[in-house]
Structures are given as structure tokens and as C-alpha cells.
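A single chain comes next, written as C-alpha cells; it is the form predicted on its own.
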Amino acid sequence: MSPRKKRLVIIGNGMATCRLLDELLERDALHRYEIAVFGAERGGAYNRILLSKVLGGDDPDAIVTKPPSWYTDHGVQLHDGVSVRRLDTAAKIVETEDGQSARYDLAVFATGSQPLVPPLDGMTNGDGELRPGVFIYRTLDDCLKMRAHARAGDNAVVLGGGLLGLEAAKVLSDAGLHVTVVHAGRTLMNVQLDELGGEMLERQIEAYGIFVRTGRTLEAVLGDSFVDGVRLDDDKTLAADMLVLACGVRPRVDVARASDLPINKGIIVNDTLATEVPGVYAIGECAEHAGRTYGIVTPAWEQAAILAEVLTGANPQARYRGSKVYTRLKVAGIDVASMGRIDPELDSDEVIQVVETRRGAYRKLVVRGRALVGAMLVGNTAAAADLVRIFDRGDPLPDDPLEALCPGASSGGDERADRMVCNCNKVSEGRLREAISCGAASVEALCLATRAGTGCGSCRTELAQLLARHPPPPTRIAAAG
């Protein structure tokens, strides 16, 4: 008689859950578990990184990674549009906001992050709801509401000069709106870029016709029934038919807190992604490992693979040791890459900067001996893949570190094969060329075969270039008899 399957419940249905399901099913988890997913949003999982495409007019289905039918077809129970209130960890019961309950044996928190919403005067109406014209930019539903409201010739203010805010600003500007970005930091994307890098990015953003106000915050939203302006902290006002809030995020831990889980900034986990409460785990942006939370997708996917190894018994000794953080993105159409430390930490650290004023490009290396401590690229990211390989593997830099900014200059064939093309999924050039040789003749086919291009999508141009340089072998046509 086969043992009873345990019930595995996953709370949250974002990108971390999407990858965890793939990793679990690859390891035949359904032979061991009944899997149920609780997601507060309606529908299946989608790629949150690509929300700007929907804001720009794409069909929402274009960014859906797992439609509801996928869960049914793969034997996973999906409870969409259902918010979890708390876990009763003693009784092992999931309690939902609508008063329902469900048993579990193991639970995984993958609740992601929630947006930071400043308490602005005039932002809400009498019942506490956002006033018409004020939008939080975080979900697929948010994008659809913004898209329906935006009209060419209107004025839009975007609060927040990080990735999401700049993406929203670019899409709205392309739709014919007059757009102003208001950012509290001295420079844009100040988490990923130093001051000079932020200034170079700002120049390029303004070249698109977007206005930027850095070092400023909003004090109030103006208007009666509808938004018609905002007041800045210097008492100046800006006309606004819509206000988009993209002020950053923080780990979503409200359900974990209600469940009496250990929480600092995020849900505290060990190297197996387990909390101190037996049978309860956490991954992704809501998890805090070794005192650190991550706000990008790659660590979430690395954690998903480790947790799947542990839960299925495929490798019970698998351990998560933290992630090296690097990002390679298109920010409002501008190539940006950042990895490691963006400023020196030791007096002995060497900083190498290359500024191309006419091209609007900026490249920076932070070097310790022959080790790459950090790098930053704005407007010219051709060397990003080679730098990521050096940074990720800890390879020594060339005697002249400037050579590292010349892509492929010192790389032989084997090193080129190891070069990381897709940072999100850690897909090398060698693996991509192998997929091409096996018949992957288009970018979509490469994405399907290797997962490259399915994260932030910034490497898709390079996938097309690889196909052009290394075309697949011609299809053999049998001779007629």
C-alpha cells in the first residue's frame, strides 16, 4: 500500500511560485505531494517584469506564464482570487480571508513584495479608496486601469525613478502624454547606479521628452473629484491628470506575521529555506536569508531550485548559500547593467571609469587587486555578459582591467561558450549554440529550449544576434524515391 501523499500548500502565485512549480514537477513531486496554490490575484501566474508591455497595449495574455488551464493539466490545485489570512501552524490549517480553511502538511510562503505607498494629502477619497486618477503600479490589473485612463495630451506625474517608474514614464510618454518623473533620490535608479551613472541615465531619459525632478518628493494631490495636479515639497505645483505611484517595494510579510513566523525585514529562513516553524518554508522577495532580502528574480529562481531539491528528496543536502546580485535590463529602452558594489569599500579599491559624452554612455569597474568587485554600465552594455562571467566565477581580470570592457577581446572559444547571455536563467552562449545546432531556429524556439529570454527579456536581442552568427543547420529533405 502506497503512503498517503502529503499536502503542500504554496501561498502566493507570482514568479517565485511559477518557477517552484516547474522545479517540483521536473522532480516528480506529484508522486509525493498534493500541491495547492493560493493566489490573491485572479488568473494564473504572469511575468511581472514585463508589465510595461501590457501598459503599452499588449494583450495581457502575452505575459501570462501559466494560465489557469496549466494548473488543471498538471494536477495542481489553483485557488485564484483567494487571499490567505493566516496559518494555524499548530493545527496545520490554512485560513483564508473569506472564512474558508484547508489542511496542509508543508507550506511555502512566496508572497513576494508589496508596493510602498506614501501617505499623501488628498490621495484618497472619503472611503479610503484611491482617488480617480491615482494609480499604484504593481499588478496586471493596475496596468489595465492605467491604460484605460491615459489619454494623449494628458499630464502624468510618476512618483519614483526606479525601474518600474521609468518604464511607466516611457510608455506613457510614447502614448502622447506629458510626463514628469519625481524622484526623492539625487539621481535616478540610485540603488543600482552611482551619481554619474544616474546623471547619464537622466540625460537619456530626458532625450525621450520626459521631464525629471530629482531630489524632490510630493506633499499633496490636488483636485476635487478627480486629480488635476500635485504639490511638491518645494511648494511648486505640477499639472496632473494622473499620478502613478512607483515608489519601491518591501517584503510582503503580513500573513507570515499573523501566523507568528519569525520576521525581521523578511521571513527569516535558513540554508534549506526553512523557517524555525516545522514544515513552513519561504522563498523569493518575502524571504530573508543570512540577513539579506533580494528584490530581483534570479535569487528567487535559485531558491526555488534548492527548495525543490530538498522537498522532493532529489538532493536532501542541497543548500542555498546566497546569490550574487547582478542586473542587466532595458530601462525605458536604455541598456543598463549593474553588479556587485557600485562604489569602492576599501582605500585600496581601484575605480576605472569610461565616459562617452557624445554617445551618452558610462562604464565603471570597481577592482580589488585583480578581482572584479563591481561594475556598472549605462548606454553601452556590450561587455556585460563577459563581466558577469568574471564576477560570477571570481575569475581574475586581465592585467589591464580596461580590456574587460572590450567584449571578447581576451576570450578564447571555451570562455565564449561559458559567457552568460541570459542572467535571469543563467544560460550560457555554449548552451544556446547547442540548442541552435539541435534545430532551435528562432528566438522563441531558443526561449522554449533553454528558458533564456523568459525573465526580463533584455537578452532577446542577443539571442537574435547569436542566431544570425550561428545559423541552425539546414533541414535535410529526403530525396524523392
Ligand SMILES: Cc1cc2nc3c(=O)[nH]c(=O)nc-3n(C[C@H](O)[C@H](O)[C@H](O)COP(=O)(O)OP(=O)(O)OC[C@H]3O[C@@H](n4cnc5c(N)ncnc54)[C@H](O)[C@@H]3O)c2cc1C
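Throughout, we count residues from 1 along the sequence that is shown. Note that this is a predicted model, so its numbers are computed, not measured.
In what follows, reference is made to the form predicted in complex with the named molecule, a form of this protein that is not presented.
This chain is drawn without the named molecule; in the model of the complex, the residue among 227, 372, 273, 297 with a heavy atom within 4.5 Å of it is 297. Distance criterion of 4.5 Å from any heavy atom to the named molecule in the model of the complex singles out 40 from the list 447, 40, 30, 63. The named molecule in the model of the complex comes within 4.5 Å of a heavy atom belonging to residue 285. Contact annotation: residue 443 falls outside 4.5 Å of the named molecule in the model of the complex, judged by heavy atom distances. The closest non-hydrogen atom of residue 48 lies within 4.5 Å of the named molecule in the model of the complex. When the named molecule is considered in the model of the complex, residue 110 lines it closely, a heavy atom lying within 4.5 Å. The stretch from 110 to 118, 372 to 380, 195 to 203, 340 to 348 that comes within 4.5 Å of the named molecule in the model of the complex, counting heavy atoms only, is 110 to 118. In the model of the complex, the residues of 138 to 176 lying within 4.5 Å of the named molecule by at least one heavy atom are, in order, 138, 163, 164, 167.
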